[in-house]
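Presented below, as structure tokens, is a lone chain in the form predicted on its own.
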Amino acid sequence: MTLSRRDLLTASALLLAGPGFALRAAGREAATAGSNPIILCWNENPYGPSPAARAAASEAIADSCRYPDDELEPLVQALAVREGVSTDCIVTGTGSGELLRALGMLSARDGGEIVAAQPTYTELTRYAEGCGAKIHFVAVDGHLRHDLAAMHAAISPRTRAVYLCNPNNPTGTTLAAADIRAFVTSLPPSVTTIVDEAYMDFAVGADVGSVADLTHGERRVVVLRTFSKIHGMAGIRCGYAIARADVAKELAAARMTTPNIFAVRAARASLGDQAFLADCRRRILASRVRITTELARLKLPYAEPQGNFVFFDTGMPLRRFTELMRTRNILVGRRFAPYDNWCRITIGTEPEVDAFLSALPEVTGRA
């Protein structure tokens, strides 16, 4: 393995300076990007992978001629220890998106149906529709949360799965863990509950938390996690599912790929870089408060955010808001029907948030 002198010096400096330095450096880099737009539309973590993950990915270049098969098992073991389950309950994938698609395909067999909120993340539902599934979308409630009672009422004899994104994308709202547990218990035993916890690392509140413990029970439950958000590895593609061993075996058989050597090594390294992850979380949550404070001052309604983004009413057609922000070199989120005036804004670096908050009163005319 050979690293350039610059690679070694950069990695060493980041590691010695600590997580705060690495995050500040990332923020300065984004702020001095010249004419490059500020990208606040994809729910990415702008601070990127931890120094340890970056070093691991760099070192993997020399071994990229090798298949990563022998290295997958140590990652699975590390994830199993983290989640308190046996290794046969963990399924890795090239991002949790691949596993969502596999679950959609499995649920679509024999004309299966899926119940999901609207709006919500559509990776599973769009792929399942393409595989022949019928999707029963259930509108979120007045607080833009999953309406569990209405979702339960939408269950039919052909329902194969219920999809719960918690925190939900794009609304950012959450369901209490106790409510999810009660909901799962009330479902027919044949129905698989898919709980997407991609943004759980950004959630706060005593009643909000992972329901991975449900995978130990008799009900069919799959909990999904990703390295794309808090770990800042969206471009590397690594995710995993937690499920009962028999359910995990079904899911593993439906996968089309497994993580590459860069994802495997970076993920293992990132799991151990807790100081960086904690500081990253702190910064994103602080910026989230700044955004909601300004929205409240401008009297722009917003959903209670628990992810690394905020969903708010712009007070105008989203197309107009998007155009006005683009003239200020800021790219914001797309439309989520039926919320034609609402925008999902990703929480960027501190300088990026500064730019957005500076533009917001001007664009909305609420200075």
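Quick caveat: nothing in here was measured; it's all calculated off a predicted structure. Numbers for residues come from their place in the sequence shown, where the first is 1.
In what follows, reference is made to the form predicted together with a small molecule, a form of this protein that is not presented.
When the small molecule is considered in the predicted complex, residue 244 lies well away from it, no heavy atom lying within 4.5 Å. In the predicted complex, the small molecule sits within 4.5 Å of a heavy atom belonging to residue 163. Within this chain, residue 112 is remote from the site of the small molecule in the predicted complex, having no heavy atom within 4.5 Å. Although the partner is absent here, residue 202 is not a contact residue: none of its heavy atoms lies within 4.5 angstroms of the small molecule in the predicted complex. 100 is the sole member of 264, 100, 128, 117 with a non-hydrogen atom lying within 4.5 angstroms of the small molecule in the predicted complex. Checking 232, 104, 95, 172 for any heavy atom within 4.5 Å of the small molecule in the predicted complex turns up a single hit: 95. Residues of just one listed stretch (289-297, 176-184, 248-256, 222-230) have heavy atoms within 4.5 Å of the small molecule in the predicted complex: 222-230.
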